[in-house]
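This document opens with one chain alone, in structure tokens, the form predicted alone.
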Amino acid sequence: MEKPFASRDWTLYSLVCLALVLIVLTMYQIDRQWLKLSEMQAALAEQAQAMRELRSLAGSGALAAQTPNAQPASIAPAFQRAYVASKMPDYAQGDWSVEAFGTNLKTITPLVSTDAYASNVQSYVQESLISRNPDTLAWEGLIAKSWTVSDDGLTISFDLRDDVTFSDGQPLTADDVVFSFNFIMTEAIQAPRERAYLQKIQSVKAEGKYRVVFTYKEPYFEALSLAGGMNIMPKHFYEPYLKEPQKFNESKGLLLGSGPYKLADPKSWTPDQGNVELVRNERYWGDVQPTYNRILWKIIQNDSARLTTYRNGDIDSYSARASEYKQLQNDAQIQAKSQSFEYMPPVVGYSYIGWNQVRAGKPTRFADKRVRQAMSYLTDTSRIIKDVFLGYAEPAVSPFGNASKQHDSALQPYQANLDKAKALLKDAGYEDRNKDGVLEDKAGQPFEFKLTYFQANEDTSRMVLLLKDLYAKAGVKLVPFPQEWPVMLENLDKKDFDAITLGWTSSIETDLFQAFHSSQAISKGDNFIGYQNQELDKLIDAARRTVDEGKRMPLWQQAERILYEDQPYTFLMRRKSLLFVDKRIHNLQMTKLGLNLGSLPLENYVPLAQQKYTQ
């Protein structure tokens, strides 16, 4: 039965209608606010772009040239290559640089991090006083506008630019340089690697707001690069951690500097975020502004997945494995989108197997030089290069490259020699006493060890399986022990492994101190295999004190001969770079330091018509 529409129903109906109207009005207001916010963001981006162009014009002298009687400003030498790139007809700022890391990062906090990946990220955020010209290899001022070296080489005085600011707007002064040194030298700060080098410096003092003086305890052949190459850490940001050093030591993403890029939040990055993303430092002080709006590294551990991502255009470059390089050169899709580069970088690092000589405070079987020599004779490097890396590598004799003045050309790579290896092992007390095919020591313990390696590297996995077969011929049992990257680094710090295969980066002149001096066999030091040789220590110390190159090189060569004899590492190889880079990346050039992809100040760019990312 129908009921009449009562006044109470009319009231309720009216309230519902009113609520609907209010909801519609609220949604309209929110929509207008979002529109307004978008307009404001666009306006800010346009202003930021205008500021960057203004800075570039000021740096280039174009503004000064338009002013009567004004002297045009000059571009600092460190920015000349980037400036030339910025004048190319199709040059444009904008877009992103997107690359991939093959492993998760444990931390990107400076000093605490120990791998090249984190160092790469930091290079975009923190800067040093000087930088090296990739064409001439000469040092040029970056934050420093000039410097002088005393006649005895013990005092270096830097005059700083007065227009440098950190990304949070705070000015960079001599106090920040002094702080950076003192922060690193604080024992509670986890920076043993940096302290190992900086201990050569007696003091760092500010003489005024923009002048800083480094005084050395004794001559050092790399005094200028050590002082000038130290990254400048903002005092106002890092100083509070001196009261809480453990908080700094355990941090994952404390990163702030004066460089062209920054973390959106300098304290918030953590490994569980996976990717690492940097945004443009809108306050960047440099004479030439950086090209990309963002720098992004995706974490893609699987080699095949990395290639697929490159094919899809989601990363800008792909470093090919030797086994796929030829095939990719004939791949129409890859060739259509890529610039390819096959080259041996002038300062390429080397790979090795490190034999841990001390574990849990006790000497291991690898403390015996004869055993290490035998392992090198069993490691058929030529076959590894031929079968696994298809010839795209050269054998390594030592930490010094074959073309280096530090290298003694009379030394040749260890050649595979099963008989010599067996003889050395027998001389060291190893025999197959129970006839099971595995050697035993005098106590009857089988010669068995775990070889630690990074699990996601397919070529290393293949190499380890080949080594397992090669070592078995002499009765040595290798147990493959693949691990995740952060776990490897942790075990390395604890010196908790039998043997490990890794690689070192290299430089124009390699200092052996960090990896091979006995003093660095300390907790979290880089002599993580516990190798000690006092004769080598004396040569390293003498070479580091010798500024005269003509007198220093024979000392390095003597040191190399000791390493060759002792084989603390089995030195494996130096590998060629087999690189494909997306054609949208322009101005790729080969320099004396290698390909300039990503080198700073940035010279690469994407023309406007080829840009993909607009943020």
Partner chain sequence: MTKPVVSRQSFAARIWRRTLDGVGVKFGLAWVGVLVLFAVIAPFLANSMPLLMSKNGEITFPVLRYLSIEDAWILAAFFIALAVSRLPLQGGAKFAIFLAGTAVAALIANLTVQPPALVIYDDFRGPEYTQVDWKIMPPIPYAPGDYLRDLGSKGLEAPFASEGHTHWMGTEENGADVLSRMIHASRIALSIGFIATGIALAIGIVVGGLMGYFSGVVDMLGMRLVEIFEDIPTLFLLLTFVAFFGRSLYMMMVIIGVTGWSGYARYVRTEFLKLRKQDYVQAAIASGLPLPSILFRHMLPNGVAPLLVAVSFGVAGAILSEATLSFLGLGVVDAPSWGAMLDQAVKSSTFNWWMAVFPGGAIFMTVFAYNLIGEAFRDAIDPKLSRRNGGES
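All of these numbers come straight from a predicted model, not from anything done at the bench. Positions refer to the first chain, counted from 1.
Only in words, not in the display: the form predicted together with the partner chain, which the text now covers.
Between 462-470, 244-252, 357-365, 371-379, the stretch whose residues reach within 4.5 angstroms of the partner chain in the model of the complex through a non-hydrogen atom is 462-470. Contact with the partner chain in the model of the complex, judged by any heavy atom within 4.5 Å, is made by just one of 391, 437, 444, 313: 437. Here is the short version: of 498, 509, 484, 431, the single residue with a heavy atom within 4.5 Å of the partner chain in the model of the complex is 484. Residue 328 belongs to the set of residues with a heavy atom inside 4.5 Å of the partner chain in the model of the complex. When contacts are judged by a 4.5 Å heavy atom cut-off, residue 199 does not count as touching the partner chain in the model of the complex. In the model of the complex, the partner chain sits beyond 4.5 Å of every heavy atom of residue 306.
The shortest heavy atom separation between residue 321 and the partner chain in the model of the complex is within 4.5 Å. Taking the partner chain as positioned in the model of the complex, the residues of 446-461 that bring a heavy atom within 4.5 Å of it are, in sequence order, 453, 455, 458.
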